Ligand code: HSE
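Encoded as structure tokens, the following chain is the form predicted alone, with no partner shown.
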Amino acid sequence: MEEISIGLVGAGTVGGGVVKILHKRKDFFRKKLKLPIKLARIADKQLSLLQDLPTDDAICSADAQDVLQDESINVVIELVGGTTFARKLVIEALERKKHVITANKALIAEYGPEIFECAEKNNVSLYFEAAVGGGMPVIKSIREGLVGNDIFSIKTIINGTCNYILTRMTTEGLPFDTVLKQAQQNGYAEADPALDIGGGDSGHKIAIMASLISGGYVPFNQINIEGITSISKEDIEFACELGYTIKLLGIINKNSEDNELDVRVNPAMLHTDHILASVSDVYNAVLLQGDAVGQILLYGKGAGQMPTASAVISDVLDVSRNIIGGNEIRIPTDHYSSSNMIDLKSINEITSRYYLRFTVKDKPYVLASISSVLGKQNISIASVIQKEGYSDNSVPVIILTHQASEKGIRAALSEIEKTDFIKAKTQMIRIED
């Protein structure tokens, strides 16, 4: 058959990796896999990025329209990032009946229905393996490898920046701000790290996974997202003393008893025996639980040039096989639409165990007062630690609860923080078993 022509828009970090792999593996793809793939065009405003890349005979230019308007291009790879120009680029490529591959998690999470509906209308496909988990085959595992399962639980450490920060805080006993600066110096955190440390990056990825396992559209803007900026050195130390470690988790729980999905991102305490507790530094992990396979763990680097480029290449091969096989929409995505929105469980409706750190005045009856308010909300105490006081005459009181309702915890904390013995905002961290 005629060659499958690829157009790449965006030759930055990941795009450069894609060019390198296509150059290195092209003979294998053509001769062993019988896939006549050709990188025909590359577009990037910074043409200097292409100088040291093995572009072979690809036509290079600074204008993305050169890729879009080339009728011979079968597949467009979008690696420019963002949700403005990239959105227009993807929509135009789909409308020109070109298959699209993207690593753009924000684009999929925030504008998924519009994009997938456009792909469906034009009888072309949209692939996005690299949007979640870098080199880990998360999307392919959910959509294909585990398609015979009802996946009812996902717990994931899916942001390397946050995991690096929490790991360094744990192993070196350093405060958050110090470790954040180290992460920026080492290239693990952006100059503006808000999307990472605020939980938004994890939120984009968890929204995509939740949509896939629910068979509908999980709106990103309805997910409860909490970052790690409030996690202190003291919380890390107390967690370790209690036999726990703190991680930023993306959580999806599907309950067969109701139609609502529990989808959220928040710091969580994991017992040191938990399989995710040992995931450290910039590594990611996705723990899936299906009704047939039980637990499956995917582990690896969730970002970086070559891991992410590897995921893009896997999509290139999938789309190429679809084209050759004459089944260009092999995996239907029509369920991912605004008319098929999934109801999410309110954060107030969840139940969990909780770690509570109160900073109180060092005086009698404080613990009794706290216990009384918790009791009124049917919150049972599992253990209590009261440490020696700080220099400002305050004392940390740490309470671990049994299973309790989020609504009850929030009501109790609201009442307790109105009392005259509270000296600082109370820390609340959910405990995941």
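Just count from 1 along the sequence shown to find any residue number. We call the rigid core whatever largest set of C-alpha positions still superposes within 1.5 Å between the two forms. No experiment lies behind these values; they were computed from the predicted model shown.
The same protein also exists as the form predicted together with the ligand; that form is not shown, yet it is the one meant from here on.
Stretch-level contact analysis of 346 to 354, 68 to 76, 260 to 268, 152 to 160 against the ligand in the predicted complex, using heavy atoms and a 4.5 Å limit, identifies 152 to 160. Taking the partner from elsewhere, residue 189 is found to have a heavy atom lying within 4.5 Å of the ligand in the predicted complex. At the 4.5 Å threshold, heavy atoms of residue 302 reach the ligand in the predicted complex. Although the partner is absent here, residue 105 is a contact residue: one of its heavy atoms lies within 4.5 angstroms of the ligand in the predicted complex. The closest non-hydrogen atom of residue 315 lies beyond 4.5 Å of the ligand in the predicted complex. Along 190 to 213, a non-hydrogen atom within 4.5 Å of the ligand in the predicted complex is carried by 190, 196, 201, 205, in order along the sequence.
Relative to the superposed core, residue 183 undergoes a Cα shift of 2 Å or more between the shown form and the other one.
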